[in-house]
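One chain comes next, on its own, written out as structure tokens in the form predicted alone.
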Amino acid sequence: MKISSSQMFRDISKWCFGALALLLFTGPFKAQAQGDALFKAKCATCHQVFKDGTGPKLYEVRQKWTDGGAAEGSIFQWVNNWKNAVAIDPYAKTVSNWSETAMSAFPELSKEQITSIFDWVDSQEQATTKNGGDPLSVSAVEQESSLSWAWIIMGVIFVVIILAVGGVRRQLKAASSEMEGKAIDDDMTYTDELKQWAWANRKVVVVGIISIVLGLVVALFLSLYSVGLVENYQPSQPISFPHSVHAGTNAIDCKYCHNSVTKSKSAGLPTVNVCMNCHKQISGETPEQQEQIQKIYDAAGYDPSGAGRYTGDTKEIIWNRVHVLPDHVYFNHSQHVEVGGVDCKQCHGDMEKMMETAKVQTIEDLNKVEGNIQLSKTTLTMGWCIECHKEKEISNGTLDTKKDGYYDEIHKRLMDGDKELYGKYLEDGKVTVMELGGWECAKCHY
């Protein structure tokens, strides 16, 4: 049997080697995905790719360090703990003077992970404004794909299998035609065969194309819902603070440290003096605890030796902010905690069980906390807020159940003005934030 060499898939071994090479090339794609994820989780708060921010831009930063005469491997020590890099490398010391804000330490990152971050940063293409203005941050123009790398790799494998099976099928068809004495068109390429098949099955092909296009459009719009969303964000902090020990084991009320939460828009961070109320007597039992508490002493200018004394030589603690809302969004802690009676764990999770500093948790984690209102929207999104306003009860029965006078005027207006409307509010036996105007745009937006 004579089969033309111009036909596709005649040499199965070539396709096997090609498939193997294709799978091997997925390694760099995996590294790119890792670098992308690590950059967003660890770096994006302070650094941009092409523009200086709280920290310097990261594009080609390795080359910058090399040109500046940095010691080999110094940049990796800088990421793990900038103080160690400064101690051994003069160039790292000059970098430490770039900003008054100290670089966060990331001792958990390996050299390979740091390399993947730099590789991903250097692979980005700089975008500029239409009028030739300043470069835009890559985070401003990037849209995350809803497809994971695992699905992409599986798709590639699936395509390779289909092509290989198609080649085998074609050879079997040629052999069958030859045995039956039918003419074989040796010059027909795989593309020609595909066109011939598509025309013969044009109805199926049209339906398939329409389905694929609609699927891609739906996937695109679904991916837009994930733009700018951050979950599980966990920045490093200058001092390790185990909430499980303070709020859990020692049962310290959240309001003791975050003492402005009942009277201010912000919950507030505890001052060093608040920490010293306890840690002037508690210096830690293990070397690790003593090391962290010593940082508090340094900030307070306190010398614990002997009877202890304040030296006046203080050092500022720079905490990394975890929750950041857009400028056009108004949120008042006191209104929610004091008036609305919302428990801290509804938004922050069960701090009595968390070793690390509070993070932006997933809605799945928040729903696991006993007593929390069960919500479905992504944390810190508008949908999350309005869904909570729909479910959160202000009062069971009459509006003055709380006996704090806050809703007395609303209660009076409903009773004296429109009893029918008041009855509608109480059909479900509760009054929610939404029913009192909690869905009005001006409640949360300037």
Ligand code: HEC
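Keep in mind that this is a model prediction, so the values were computed, not measured. Note that residue numbering begins at 1 and tracks the sequence as displayed. Basically, rigid core = biggest C-alpha set you can superpose within 1.5 Å across the two forms.
Below, we turn to the form predicted in complex with the named molecule, even though it does not appear here.
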* Given the named molecule in the model of the complex, answer whether the residues 37, 158 and 191 all have a heavy atom inside 4.5 Å of it. => no
* To do: Using a 4.5 Å heavy atom cut-off, state whether residue 54 contacts the named molecule in the model of the complex.
  => yes
* Contact between residue 151 and the named molecule in the model of the complex at 4.5 Å, heavy atoms? -> yes
* Answer for residue 285 alone: is it within 4.5 Å of the named molecule in the model of the complex, judged on heavy atom distances? => yes
* Asked: Might residue 392 be said to contact the named molecule in the model of the complex, defining contact as any heavy atom within 4.5 Å?
  -> yes
* Pick from 194-202, 274-282, 207-215, 297-305: which stretch has a heavy atom within 4.5 Å of the named molecule in the model of the complex? -> 274-282
* Structure fact -> From 84, 96, 124, 171: within 4.5 Å of the named molecule in the model of the complex by heavy atoms is 96
* Position in contact with the named molecule when the complex is considered in the model of the complex, options 165, 220, 175, 88, heavy atoms within 4.5 Å -> 220
* To do: Note that the named molecule is not shown here; using its position in the model of the complex, name the residues of 326-362 with a heavy atom within 4.5 Å of it, in sequence order.
  => 326, 328, 329, 330, 331, 333, 335, 336, 337, 339, 340, 342, 343, 344, 346, 347, 348, 351, 352, 357, 358
* Would you say residue 104 moves between this form and the one not shown, meaning its CA shifts by 2 Å or more once the core is fitted? -> yes
* **Large Cα move at residue 61 between this form and the one not shown, threshold 2 Å, rigid core** => yes
* To do: Determine, after fitting the two forms on their core, whether residue 377 shows a C-alpha shift of 2 Å or more between this form and the one not shown.
  => no
* With a C-alpha distance change of 3 Å or more, do residue 54 and residue 239 lie closer or farther in the model of the complex? -> closer
* Residue pair residue 299, residue 108 - Cα distance in the model of the complex, closer or farther (3 Å or more) -> farther
